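What follows is one chain in structure tokens, specifically the form predicted alone.
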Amino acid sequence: MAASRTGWKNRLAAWWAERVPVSGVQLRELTNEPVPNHLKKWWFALGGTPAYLFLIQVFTGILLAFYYQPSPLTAYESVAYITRHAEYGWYFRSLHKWGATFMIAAVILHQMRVYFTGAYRRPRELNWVIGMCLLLCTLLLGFTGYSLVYEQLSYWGAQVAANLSEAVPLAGSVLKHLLLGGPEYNERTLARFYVIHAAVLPVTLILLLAIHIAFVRLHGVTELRFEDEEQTEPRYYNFFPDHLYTELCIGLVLMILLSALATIFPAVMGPKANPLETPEVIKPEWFFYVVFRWLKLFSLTTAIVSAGFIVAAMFLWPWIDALLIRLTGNREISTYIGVVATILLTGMTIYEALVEH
């Protein structure tokens, strides 16, 4: 009996080896990239966190898509059905909402970590640009997802975004038409948001993520050394299984936290969109608070143009940083600028969250 089982296993192993000619040793060599020792500190291992959260968003988004109907006549009612009647619909919608919040926060924190550790410098400039594209894609996913609910605030938030697009010099009218599917918000707008949110942006993000990981594999992870590290301690450790365990632990903690938040603070339904009634207070989601406050500080055109220059500077920062170092001779100049920028951005976000309008 034992001999027959052994023979069956050997035949199955031979069948598999013939069709998938990759041995265990080859697989370990392929995945076992040396990981710098500083990634044992979880706050430096934020690169995998947004990817894990993105998988949660894809899974929950597919479940929500079975019920969601992207039309002004049916969108609000379909979300209400998910929230109130579909089995576990409230949980998966809440998980999707909290997952989006965490994903945006994780991408921002990861980009900040890369900035403050100088990991964008030569030869990793192009990967910084890819990271900025990933950040913009994530923010657009948050905006389009929020707009799909067709609540009063999400509808008027989309209107504000359309007006801001129109204020962009030269390309304003084209951008607004691309966003809304016409000169004004119409019956095709939600369907357009849905396609952008559920197809265009996720595919774009996956392609960018593949390029981003490829660059990381080609250049390796920027190595950092800390004063509290023993000099005799190994500088690297194995990706598999050591670093994989770290990522799995982070994923488990995130899943528990997201489930707790989805249960304790579930997503609710606001008033249905009414194009004839403008709310007294219109506010975007928290990740656009700083932009909303910036618009209130200047005229519309000035705010749009200056914000465009800031975003362009963020994309080009590796080269701006190199120029600043040559001019000042100080390699920490970008750190000082980053600290000031972080304080301003955080302060504006908190202030916008506290004020009524």
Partner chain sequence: MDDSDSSHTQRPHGAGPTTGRSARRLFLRVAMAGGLVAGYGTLGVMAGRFLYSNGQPSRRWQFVTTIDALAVGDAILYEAPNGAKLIIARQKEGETDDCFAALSSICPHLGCLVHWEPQNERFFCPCHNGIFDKGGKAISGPPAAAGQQLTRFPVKVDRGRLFVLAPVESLLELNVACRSHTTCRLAGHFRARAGEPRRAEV
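Worth saying up front: this structure is predicted, and the values here are computed from it rather than measured. Positions refer to the first chain, counted from 1.
This next part talks about the form predicted together with its partner chain, which is not shown.
Although the partner is absent here, residue 64 sits close enough that one of its heavy atoms falls within 4.5 Å of its partner chain in the model of the complex. The closest non-hydrogen atom of residue 248 lies within 4.5 Å of its partner chain in the model of the complex.
Using a 4.5 angstroms limit between non-hydrogen atoms, residue 88 touches its partner chain in the model of the complex.
When its partner chain is considered in the model of the complex, residue 81 lines it closely, a heavy atom lying within 4.5 Å.
When you look in the model of the complex, the only residue of 110, 272, 177, 212 with a non-hydrogen atom within 4.5 Å of its partner chain is 272. Of the listed positions (74, 163, 173, 278), a single one reaches within 4.5 angstroms of its partner chain by any non-hydrogen atom in the model of the complex, namely 74. Not one of 114, 313 and 315 places a heavy atom within 4.5 Å of its partner chain in the model of the complex.
Only one listed stretch (123-131, 182-190, 249-257, 203-211) carries heavy atoms within 4.5 Å of its partner chain in the model of the complex, and that stretch is 249-257. Looking at 159-197, no residue comes within 4.5 Å of its partner chain in the model of the complex, counting any heavy atom.
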